[in-house]
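A single chain comes next, written as structure tokens; it is the form predicted on its own.
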């Protein structure tokens, strides 16, 4: 039986990993829940953002967080362009899954062509810095990632709940024809949501670069678990996504601590199956 200190450290690691899962899934949850677009390209955009943050921080000697001032606006525009393409060709929900998977493969090839398949590591003071809280060690990069995830999910929840645009987006998802009859411009709202989704991917990319060694093939490593978190948290529900992501990541971390790492991938899909059996309306 592992020690209490090891279990506490595992739970802390799960908390921070859950924050990263939430950052990766936030854009997907928005586009899938509100626009009915299953945008798998968000995962590739997150890794593209990670490589761009790595490149800018390394080549220009920028603080990694300053790279967001360049990458986030650029990705917002890229998200708008992608949505314009979806609208131009009338991409349906199922077709979007196939099309965006193809875009993911293309972006993976582009990343590998530019940066090669070699492993890359962003070396910054954030990566090496740790805090000691009692007997536990807290990585600064993981802590900052969790704070960013909590801030973005709370902000997104508040925006969707209280702002006019958020209410319009929820109305559009519930009944598009009725929302349009009351003056909601679906096209412009979809462009805004798609741009935000890509911008969230850029933020996720920064924290991937800060906390993980980069390799192009990693794009697919977290697809399944993030999909599970998005579905369990309910589509378009930012707070539900964060709670589901933390629950899954903490369960994985405890599983690795108590048994072996090989059992961890079973956790997310077991939780997904159980939730769907108990609440099939999800």
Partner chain sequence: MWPLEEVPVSTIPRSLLILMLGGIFIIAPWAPAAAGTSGPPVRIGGTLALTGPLGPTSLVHKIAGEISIEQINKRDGLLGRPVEWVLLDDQSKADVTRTLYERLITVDKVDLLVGPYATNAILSALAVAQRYQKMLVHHSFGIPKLATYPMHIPVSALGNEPDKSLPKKVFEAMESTGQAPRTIAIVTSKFSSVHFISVGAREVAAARGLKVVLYLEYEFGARDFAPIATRIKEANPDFLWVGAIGLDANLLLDAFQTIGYKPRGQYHLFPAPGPLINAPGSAFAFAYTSFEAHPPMTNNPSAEELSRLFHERAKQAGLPYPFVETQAASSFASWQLIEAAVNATRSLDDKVLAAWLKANKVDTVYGKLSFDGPNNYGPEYTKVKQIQNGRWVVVWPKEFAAPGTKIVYPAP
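Positions refer to the first chain, counted from 1. This one's a predicted model, so the numbers in the text were calculated from it and none came from an experiment.
Quick note: we don't show the form predicted in complex with its partner chain, though the next part is all about it.
Give me the residue from 74, 106, 154, 165 that has a heavy atom within 4.5 Å of its partner chain in the predicted bound form. The residue from 74, 106, 154, 165 that makes the contact is 106.
What is the one choice in 99, 189, 196, 144 with a heavy atom within 4.5 Å of its partner chain in the predicted bound form? It is 99 that has a heavy atom within 4.5 Å of the partner.
Give a yes or no for residue 120: in the predicted bound form, does one of its heavy atoms lie within 4.5 Å of a heavy atom belonging to its partner chain? Because a heavy atom of residue 120 falls inside 4.5 Å of its partner chain in the predicted bound form, the answer is yes.
Although its partner chain is absent from this view, report whether residue 218 comes within 4.5 Å of it in the predicted bound form, heavy atoms only. Contact with its partner chain, yes.
Give a yes/no on whether residue 257 approaches its partner chain to within 4.5 Å in the predicted bound form, heavy atoms considered. So residue 257 counts as contacting its partner chain.
I'd like to check something about residue 137: if you look in the predicted bound form, is any of its heavy atoms closer than or equal to 4.5 Å to a heavy atom of its partner chain? It does: once its partner chain is placed as it appears in the predicted bound form, residue 137 has a heavy atom within 4.5 Å of it.
For the interface check, one of 180-188, 124-132, 166-174, 146-154 should have non-hydrogen atoms within 4.5 Å of its partner chain in the predicted bound form; which one? Contact-bearing stretch, as computed: 124-132.
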